[in-house]
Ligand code: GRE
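First, one chain by itself in structure tokens, the form predicted alone.
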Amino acid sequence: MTGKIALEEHFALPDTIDDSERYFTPDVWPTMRHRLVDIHETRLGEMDKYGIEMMILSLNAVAIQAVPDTRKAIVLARKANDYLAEQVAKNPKRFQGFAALPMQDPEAAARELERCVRELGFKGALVNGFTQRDVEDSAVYFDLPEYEAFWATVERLGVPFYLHPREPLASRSQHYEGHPWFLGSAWSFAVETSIHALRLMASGIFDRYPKLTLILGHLGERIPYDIWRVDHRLSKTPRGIPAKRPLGEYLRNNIYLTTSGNFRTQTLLDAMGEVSTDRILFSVDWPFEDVQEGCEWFDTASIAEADRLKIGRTNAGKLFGLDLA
């Protein structure tokens, strides 16, 4: 399929490139480093070869979210967003951007998102999970009351918020001790992101801001496949949950899923059955996943061509208001 739109696709600044090195062996890292800093050469060549018309770019992880000093986080986020805007301006038909946000300060994050959307033309925000604030050993989640005005701003701007994975802090990860193979993208990324997303769903923000839109990668960070049981058990023992509706209703009405890094047809079919093809978007997760692998899988997956077109292109066009003529 040609004309695909991908939206969990990353770049890095010199200030943030080291955050990605830990996930690669020394022999692989030079290639991955090049892919992260490159935008208009290798990346564009891969897009042309495998039928990706547009990438919506975002800063690599963990970046801003791992800067405990709020002032420094604000400065770095603005620097990253200005740089990304410059790159998008060089080829806006092929690239668009997601804002990096200093979530250490909810008011500053709201202001930066508004600037990025209103002035830079960005299509939303991508934030790398919980935020460290003031001290290294801290984890601030976005269902806390202090983020209420931030979520109001996101809804008012009418742009989605992509909750991207990050590694849990070592001080809070005793269950991985002696089992390092479960850290990162194999398992802990999804576990960390899914509990953050479930916290947001349970907090009632989608009741207070019904037009708010969240995006989850990797076909939903495993939430779609357990959401029935979550709601089933909560219906028996709600324990005072603030959400007014079953969490599955928010999943189907306020959340989009992407195929980033989860190139499995049976899993895609399960997600389609749970949230419908209208709520799924194509993505690769470049450069951490290969464009070739992601595109060749998606282009030949055993789904209807009408569904392939929606997931690969038209859903994103509607969500982000893209000119696809």
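What you are looking at is a predicted structure, and each value in this text was computed from that prediction instead of being measured. The first residue of the shown sequence is 1; numbering continues from there.
Same protein, other form: the form predicted in complex with 2,6-dihydroxybenzoic acid, not shown, and the subject of what follows.
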Check L7, Y256 and F320: does every one of them have a heavy atom within 4.5 Å of 2,6-dihydroxybenzoic acid in the predicted bound form? no
Only one of W151, F189, F130, F95 gets a heavy atom within 4.5 Å of 2,6-dihydroxybenzoic acid in the predicted bound form. Which one? F189
The unique member of Q87, S185, S173, S194 whose heavy atoms fall within 4.5 Å of 2,6-dihydroxybenzoic acid in the predicted bound form: S185
Does any part of Y50 reach within 4.5 Å of 2,6-dihydroxybenzoic acid in the predicted bound form? Heavy atoms only, please. no
Give a yes or no for I56: in the predicted bound form, does one of its heavy atoms lie within 4.5 Å of a heavy atom belonging to 2,6-dihydroxybenzoic acid? no
Please run the contact check for L268 against 2,6-dihydroxybenzoic acid in the predicted bound form: heavy atoms, 4.5 angstroms, yes or no? no
Is there any non-hydrogen atom of V291 lying within 4.5 Å of 2,6-dihydroxybenzoic acid in the predicted bound form? no
Within 4.5 Å of 2,6-dihydroxybenzoic acid in the predicted bound form, counting heavy atoms only, one of 42-50, 270-278, 63-71, 283-291 shows up; tell me which. 283-291
Contact check, 115-154 vs 2,6-dihydroxybenzoic acid in the predicted bound form, heavy atom within 4.5 Å, ordered by sequence, gives none
